[in-house]
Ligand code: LLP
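Heads up, the chain below is alone and in the form predicted on its own; it's given as structure tokens.
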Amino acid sequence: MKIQIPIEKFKDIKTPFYYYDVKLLQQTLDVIKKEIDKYPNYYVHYAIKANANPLILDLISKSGLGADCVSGGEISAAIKAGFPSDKIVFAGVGKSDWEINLGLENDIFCFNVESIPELEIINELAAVKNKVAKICFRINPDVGAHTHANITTGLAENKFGIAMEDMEFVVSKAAEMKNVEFIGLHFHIGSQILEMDDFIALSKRINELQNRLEAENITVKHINVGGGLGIDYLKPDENPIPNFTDFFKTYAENLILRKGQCLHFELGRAVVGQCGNLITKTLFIKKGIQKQFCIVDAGMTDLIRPALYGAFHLVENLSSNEPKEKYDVVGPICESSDVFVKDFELNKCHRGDYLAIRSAGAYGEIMASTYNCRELPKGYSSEEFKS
């Protein structure tokens, strides 16, 4: 089923640009709310790194979700968008002093701490402000995820988190400090995970770690399992909303929460991935010796995932119903890796045809660059094209 995008209203808009189906985004948010309402102690924080377009953040903040931030800029964007400070979590291996101070000044819910040096700095900066910073320790669970190597985060070889062997030690260090309060454990094993077995493995590891802490008479109020739930890049129209039912149910059935414990999630791609489409216009059809190229005005500067990860995005010709032909869909950037898809069947393309690069709501616009002195793509809400 071809998506309904009003190309007749695009004639005065400069391509490339992002087109966000806000109806689909709202439907996705409604499903998330319906599912977490089954579990009163479950809380979702939207991972702003996936997409920080103001129109996206405004809708998500109004839905009641919290915010997961990995920079001071994201904290500022979250607050500007209306996310309550007490629903903001701040993660990242390299937090600058000004970013920590920003979190302290706004009394955010917690800092997800990834090293002892970071813990010490947060304690020092909080002391200057006469505040107590709530912290969770991000523990590296050494659990693999069935996803791309560049987006796994929970293996011992990754830069993220504190080693499991050091868990009790860092908790004891925090207990000695006057300006931090240890409230929980944080985990995140990777992104674009479609196999629930990965989340089961994480749950079992957390159960083991909680048993270890309880043996030391240490209890925690909060468990944060991060995000990671993937989307269907191959068939976005058949599966526009991820399987949140199985996702939350997997944790409910496998993670043993203690009485009064809260479980937190940090979902990004699963929330916004399918609502975004990169709209681009065909510049030229170039016939090579063995293949033909559809050269478009969007490039890796607008959507870097295919060049960076070899990621697949479905491409559709919105302007043509002619028989399909094979193309390499490529951009204008002066890099050989500026390719969206190779040997891909599209309805016959012509100069001026509009193409939609699907499932681009996450890690699309937010990762755009001005390489080759190109302008950043703009993002538009589907509501702006209503007659």
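Numbering starts at 1 and follows the sequence shown. Not measured: the values here are computed from a predicted model.
The discussion below concerns the form predicted together with this ligand, not included here.
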Notebook entry, point to check: Of 134, 305, 281, 222, which residue is found within 4.5 angstroms of this ligand in the predicted bound form when only non-hydrogen atoms are counted?
Noted result: 305
Next item on the list: Choose from 184-192, 286-294, 71-79, 253-261 the stretch whose residues reach within 4.5 Å of this ligand in the predicted bound form, heavy atoms counted.
Entry: 184-192
Check: Applying a 4.5 Å heavy atom distance criterion, does residue 47 contact this ligand in the predicted bound form?
Finding: yes
Checklist line | Heavy atom of residue 227 within 4.5 Å of this ligand in the predicted bound form | finding: yes
Next item on the list: Could you confirm whether residue 138 comes within 4.5 Å of this ligand in the predicted bound form, counting heavy atoms only?
Entry: yes
Next item on the list: Answer with yes or no whether residue 267 is in contact with this ligand in the predicted bound form, where contact means some heavy atom within 4.5 Å.
Entry: yes
Next item on the list: Spell it out for me: taking this ligand in the predicted bound form, does every residue among 309, 363 and 367 have a heavy atom no farther than 4.5 Å from it?
Entry: yes
